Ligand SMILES: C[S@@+](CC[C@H](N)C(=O)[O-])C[C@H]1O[C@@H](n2cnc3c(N)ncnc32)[C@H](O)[C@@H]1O
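What follows is one chain in structure tokens, specifically the form predicted on its own.
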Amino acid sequence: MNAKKLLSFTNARIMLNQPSTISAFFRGGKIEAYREVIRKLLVNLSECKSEEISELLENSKIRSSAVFPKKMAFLRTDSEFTNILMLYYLIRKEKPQLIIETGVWTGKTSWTILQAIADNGSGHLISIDLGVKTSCTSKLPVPEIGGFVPKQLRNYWTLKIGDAAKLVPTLLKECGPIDMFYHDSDHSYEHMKFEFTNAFQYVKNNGIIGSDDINMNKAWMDFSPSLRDHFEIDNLFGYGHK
């Protein structure tokens, strides 16, 4: 991490509020510092009361809520971690037992889902990832796909490596009704609509369909009216109920 990036406003706020992030940076560089931020955020979310989770979930402007965990208040103005908040609260409140996720990469989102499942005491996540460690814009910064996911959470997790375009229909048929589906793989319009429409057939009534990067194209906005309700947060993340 160069000095300009290290001393950015967001990173400076994080380091000042979470000193362990500083030691993590000097111990293992920017990826360890980032891992520590996620860990601290999930620890604080785990300590939230159920009524706090409920109130935050019902407010589409999650980070502006008065009950946002005080220890993590410095993240209120940063959308980098909004999907962590959204997914954690959704899963803690609605307690889905079977979740399918497409797109893993470092495993930040998978870690969040698995931590919420573990805090609920039951549930299972099946994740699909293409398994390619280098993209046109970046290289996987950890040794393995999903490398962020702690070992103690992996009993709740099944990782399938392959093309979501092929695996999603097959997996949905094998699983039967599911409680939640979350898209974070190929963000082309065609693929996003493909995943949403396939998942819609198998998600239970009142189940959840969500998506990362809804600002990439109009796929989410074209699909979301099919849901009973839908919410768009920071123009980046969306979720709704069948």
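Please read all numbers here as calculations on a predicted model, not as lab measurements. Throughout, we count residues from 1 along the sequence that is shown.
One more form of this protein, predicted in complex with the ligand, exists but is not displayed; see below.
*Asks:* 169, 141, 162, 150: which sits within 4.5 Å of the ligand in the predicted bound form by any heavy atom?
*Replies:* By the 4.5 Å criterion, the partner-contacting residue is 162.
*Asks:* Report whether all of 109, 130 and 135 sit within 4.5 Å of the ligand in the predicted bound form, measuring from non-hydrogen atoms.
*Replies:* Yes, the whole trio is in contact, each within 4.5 Å by some heavy atom.
*Asks:* Among 151 to 159, 88 to 96, 101 to 109, 115 to 123, which stretch has residues whose heavy atoms lie within 4.5 Å of the ligand in the predicted bound form?
*Replies:* Of the options given, it is 101 to 109.
*Asks:* So, in the predicted bound form, is residue 35 in contact with the ligand at a 4.5 angstroms heavy atom limit?
*Replies:* Close contact is absent here: in the predicted bound form, residue 35 is far from the ligand, nothing within 4.5 Å, heavy atoms only.
*Asks:* In the predicted bound form, is there a heavy atom of the ligand that lies within 4.5 Å of any heavy atom of residue 39, even though the partner is absent here?
*Replies:* Taking the distances in the predicted bound form, the answer for residue 39 is no, it never comes within 4.5 Å of the ligand.
*Asks:* According to a 4.5 angstroms non-hydrogen atom cut-off, is residue 185 in contact with the ligand in the predicted bound form?
*Replies:* So residue 185 counts as contacting the ligand.
*Asks:* Since the Cα separation of residue 133 and residue 111 moves by 3 Å or more in the predicted bound form, tell me which way: closer or farther than here.
*Replies:* Result: farther.
*Asks:* At a change of 3 Å or more, would you call the C-alpha separation of residue 186 and residue 137 in the predicted bound form closer or farther than in the form supplied?
*Replies:* Between the C-alphas of residue 137 and residue 186, the gap narrows in the predicted bound form (3 Å or more compared with this form).
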